[in-house]
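Here's a solo chain for you in C-alpha cells, the form predicted alone.
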C-alpha cells in the first residue's frame, strides 16, 4: 500500500500570532527528526516564510507555477542547505493572470503527499481567498492564536470556517505566551481551549531569539536551546502521534 504524506494547514484569524514562525519551527523540527517536509507559503504578495526559514530569495518559481503547469514541483522547491529533508515552496510575489483554483491546489497537494511525509501550508491571516486555498484540500489544520481576547475571538471565528474538518483533525496552538502571564497561564490556556473549542497541541513562549534569528537568516532550531524551539519539537512529536509534555516556561 502506498504511503501518503499529510498536509496540515496552519491558520489564524488575525495577523501577528506568529503563524509563519510556527510553520518554520515545526517544519524544521519534523525534518531534523528524519521526516521529509515541505513548507508551502500560501500568502500571495506578502510571503515571508522564506525569511523564517533562512532561505531569502532562493526560490525562483512558486506554487502557482507548479499548480498551473508552468514547471514541475521538483524544479520549484528549494531544499534547506543546513537541514536535510526540509524544503520550501514559496508563494507568488504578486497576483498575475488567473488565480490558482481549489481544484488545482487539490491536485498539487496530491502530488506533494506522494513525495513528502508532511506539508505545512502557511495560510495568510484572515478568512479570505488565501485561507480557503490553504484549507480546501488539507488533511488537518492547526489554529494559531495568542492569549489576548481579540485573538481568541478571531480563533473562534476561524474554527467556524473549518467545519469540513473532523474534530480529531483540528488543533489549537497558543503562541507567544509571555513570562509575566505565568501565574495566570493555566486559566488563560483553559479559557483559550474553551473559547476555541479545540484540543490543545502546544503552547509556545514568547522568545527574543526569534527576531534575532530572523534578521540573521538562521532557523531557530539551529540556534541552540531556545524555549520556543523546545516547544516546536514537542509539537512536532504530537503531530506524529507521539507524547510530549506541554512546555513549562521557566
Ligand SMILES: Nc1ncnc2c1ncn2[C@@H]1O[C@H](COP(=O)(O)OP(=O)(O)O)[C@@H](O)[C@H]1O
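This is a predicted model, so every value here is computed, not measured. Numbering follows the first chain given and starts at 1.
We do not show the form predicted in complex with this ligand, though everything after this point is about it.
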query: In the predicted bound form, segment of 208 to 216, 194 to 202, 26 to 34, 66 to 74 with a heavy atom within 4.5 Å of this ligand; finding: 208 to 216
query: Residue 242 within 4.5 Å of this ligand in the predicted bound form, heavy atoms; finding: no
query: Close approach of residue 234 to this ligand in the predicted bound form, 4.5 Å, heavy atom; finding: no
query: Contact of residue 158 with this ligand in the predicted bound form (heavy atom, 4.5 Å); finding: no
query: 4.5 Å heavy atom contact, residue 135 and this ligand in the predicted bound form; finding: no
query: This ligand in the predicted bound form - contacting residues of 10 to 44, heavy atom within 4.5 Å; finding: 15, 16, 17, 18, 19, 20, 21
